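Here you get one chain, nothing else, as structure tokens; it is the form predicted on its own.
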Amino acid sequence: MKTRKRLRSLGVNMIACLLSLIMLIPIVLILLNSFKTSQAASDMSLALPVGGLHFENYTLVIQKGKLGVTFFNSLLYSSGSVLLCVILSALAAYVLSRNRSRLHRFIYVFIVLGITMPINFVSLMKVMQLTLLQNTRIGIILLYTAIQLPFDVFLIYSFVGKIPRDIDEAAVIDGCTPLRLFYSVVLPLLKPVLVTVMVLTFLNTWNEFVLPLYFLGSSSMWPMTLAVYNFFGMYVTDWNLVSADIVLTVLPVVIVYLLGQKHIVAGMTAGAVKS
């Protein structure tokens, strides 16, 4: 019986490893071609670079693709939306979870419906124009925040429900004001789910392509995703440069995910407060 379980576990692990290797092939392909010459990269093969690694591809991409400016824009948009999403979603989820009246329940359901509702770009464009947020950095940050808030509130809401109300009552008896209760007592307990919200919001904002394409007309405000799209149009025959551009764009996302993956799992599965 034990031997059968071990064989089954070994088979499942082998299949998982095989599928992982298959999924890594496009990443390895792009990485290898980013260090090749233009002629060698045109074959888009998994062969190793001949004649050494051509790091000058990355230097050329940074200069011609203006990745310095677009990197700053992506970092600004991602950091701004993360900050707003964490603060607003935590406040909203805490208030709605602690007050289970019909009104608060309706507000919660109304917010969470934003996860499933499609975006009406025509109406959204009109709103952005009327509020003078079209083609502005603050406008795109607010747009990112509004779109990701429903999922963040949903995620934190269920986590707050697992925190005993006795903690709130004890803090109030000790003289805590509502704001101090939230920031000094409740917020530290939300650390696992808040880190999850931060990582997911950062990844979603960094990878977003459609919203800046519609609402940012100036190339000086473009994030890195649009820079890759524009660079590919200019250097479609130079796959070594295109590959290097893709690697530089994806690298921050990979680093953030690797640093935050354990927190994502903890935030998704944690349901109890440790004493």
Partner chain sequence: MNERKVYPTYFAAGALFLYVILYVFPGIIGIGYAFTDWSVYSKELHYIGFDNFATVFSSNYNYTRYITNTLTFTVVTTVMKNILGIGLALMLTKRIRFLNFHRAVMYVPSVLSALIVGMIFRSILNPKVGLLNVTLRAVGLDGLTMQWLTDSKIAFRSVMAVDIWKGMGYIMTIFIAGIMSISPMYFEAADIDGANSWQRFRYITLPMLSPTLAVTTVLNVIYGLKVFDMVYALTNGGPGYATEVLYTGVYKEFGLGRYAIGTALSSIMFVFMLVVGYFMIRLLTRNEESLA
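The term rigid core refers to the most C-alpha atoms you can superpose between the two forms while keeping them within 1.5 Å. Positions refer to the first chain, counted from 1. Computed from a predicted model, the values in this text were never measured in an experiment.
Keep in mind that the form predicted in complex with the partner chain is not shown, yet the notes after this line are about it.
In summary, among the residues L32, I246, A40, M221, the only one with a non-hydrogen atom within 4.5 Å of the partner chain in the predicted complex is I246. When contacts are judged by a 4.5 Å heavy atom cut-off, R137 does not count as touching the partner chain in the predicted complex. With a 4.5 Å cutoff on heavy atoms, F71 does not count as touching the partner chain in the predicted complex; it lies far away. In the predicted complex, no heavy atom of Y58 sits within 4.5 Å of the partner chain. In the predicted complex, at least one heavy atom of G114 sits within 4.5 Å of a heavy atom of the partner chain. Residues L143, T145, A146, I147, L149, P150, F154, Y157, S158 of 143 to 160 are found to place at least one heavy atom within 4.5 Å of the partner chain in the predicted complex. After superposition on the rigid core, displacement of the C-alpha of L10 between the shown form and the other one amounts to 2 Å or more.
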